[in-house]
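Here's a solo chain for you in structure tokens, the form predicted on its own.
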């Protein structure tokens, strides 16, 4: 790489959106005239936006015998005639209109021949596509002519010499450099206008430089003229840290090295055509990417040694539409030449290899290619290794489709350990499976092959991890907006600003559902108006909601179940298997068959996500968390004794025989302490579930049927519906009064106690005396006593409010935060 000698020459290339119409071309000429005040300027022009595609389509239709190609030609002609009328005063339009008509007549003649032959060769396609740049550059020149601005228009086919590889011709730089220098030196004008993308071979036949080749044309002219700089003018303000169409918070890159720009452009950063960089890099010519529609923006400067920044990663890019070719077999191990034969077979079919990875055992090699080349590649490779396949030394080539590459790029990555770890961790926590990995020897690029459907999520996750130090976005799906759900939404609304400012968490509620309907907004719901939005929502089908969560594939997704419904719990497995974290207030899943409980825990581990259910026991009390901490630190639980029903504790603390038992239970329900069906509490079923969950978390394999539940309710109270339940409570008042009186006479209090000891669990009503740890328990409080190897004599006690919508919502919120901070 050399530093160019001082020059007073600039090369400005303008893309298709920059010259899409007459109004845009006027913007372009303002930029050109400003530059021409100081330097001689070469203006390289792309075809009007969309015209190259229209030319290709016209040729393909003609070759297919479809007369509709004429409609496309008419559209192309009309666009250019309209541009003439926008650019040039009426009195001066005649010459420009005639020039457009003449070019379009040539175009019509070529397409007619293609239509008659039913064939479109690569050579003819290059000739067809050349008309886009010829017409647009002549429009620019016509405007300069109409305003009396000194300029020269040159046909690039007379200046850029290539071989005859139509579609992607290779440049003869020695001849081309001399032709360009002689041409520009011969003209005194300050402005030289040339069409991009097109060139010619030694016989003068039109060739093209590949799609996006106008950028490359700019580099060719810059190197030939030893320009002071090359500017690529487009519709964005430079290169970005990620594709702004995929990442809302993508940031502009002010400075970047040639090598980094080359890596990013190769891996899908479409703002720059990859071959553009090589010539200017070797010539040491600075390259700046600018925005035609915001010329004051700094853009991106591509240079030898950009200023250092705190970012170890410069940008994230991706390529879609890939297929992974997998060649496997024991016959490869220790046998030289297999890789050579593989790549030669692909080269014969002109299949471009994008990424390569090989196992250290030499048992397999994987190659990523464009999906359009996959079947040709399969045929070529299977033919090359036909003998090894027939003798079973190799397997037939296996294809994996629907893939993409996501790449991290940055020169500083090689000096910073842990970049790969952060990449894999971020993707893993979001369920993005990596099919293959490659890292260049320069360590400027780490490439991962993933499912194409995961690209948007992956790029957002990585951008968040490496660039968005301000915050992490959490996407929440909440099912259940009853007492607890409403309190949770109120707490989330209240804390949104705090979470953003203090914890750098942007929490978005993406979906809400009740038992009848749901509302979903990928951009997040306004928590001030959620009730109105939900009232207008769609009919709830849980499977449809789960499918939409999967389809959205949002990063850092958390599903929150604030119901008691078994059908909602049945969705957990499908969510965990897609790395969607689950926070469950609902106890159904963890108290279901042990096999299901264990499977859900296993899925969370397997798919690197969270399954959290602290509120299953003790509402917001840290009961399960404390138990897990004991076990993780090596302690062993010997026994547990607990009051786990805030409802029953509230009832027995308030029942004194002066008010009917049924009235006290009704009060507990009205104040939000009971389950939706109070019988779950009073029958002991809910408490049995809780001690079952604690036993399982302590490592015991136990089923609900293993728990001894000594009921205190008469059987008649459990028959019928909830209104009938209250009627039967009233009818059996004498039974409850007798229980109370017997305990009081003995100086005791009634407590519904859950216990676990030596693999056995039981729940039931007990009368405890003043010397018992549970005697002084007040109100709706819960308490759990853990007797362990370390806490053998004096138990570890967790005590506090164990019921109520506010505290339960707070416990769900805390689990949500745990899932968010993983």
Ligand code: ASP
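Residue numbers count along the first chain shown, from 1. By rigid core we mean the largest C-alpha set that fits within 1.5 Å across both forms. These figures come from a predicted structure and were not determined experimentally.
A second form of this protein, the form predicted together with the named molecule, is not displayed here; the remarks below concern that form.
Counting ligand atoms within 2.4 Å of backbone or C-beta atoms, the overlay of the named molecule from its pose in the model of the complex onto the shown chain yields zero, and the pocket is open. Across the options 783-791, 754-762, 60-68, 45-53, residues that bring heavy atoms within 4.5 Å of the named molecule in the model of the complex belong to 45-53. Under a 4.5 angstroms non-hydrogen atom cutoff, the named molecule in the model of the complex has residue 197 among its neighbouring residues. Within 4.5 Å of some heavy atom of the named molecule in the model of the complex lies at least one heavy atom of residue 213. Looking at 110-149, the one residue that comes within 4.5 Å of the named molecule in the model of the complex, counting any heavy atom, is 133. A movement of the C-alpha atom of residue 53 reaching 2 angstroms or beyond is seen between the shown form and the other one when the two forms are aligned on their rigid core. Comparing the forms between the shown form and the other one on their rigid core, the Cα displacement of residue 167 reaches 2 Å or more. After superposing the rigid core, the C-alpha of residue 208 moves by 2 Å or more between the shown form and the other one.
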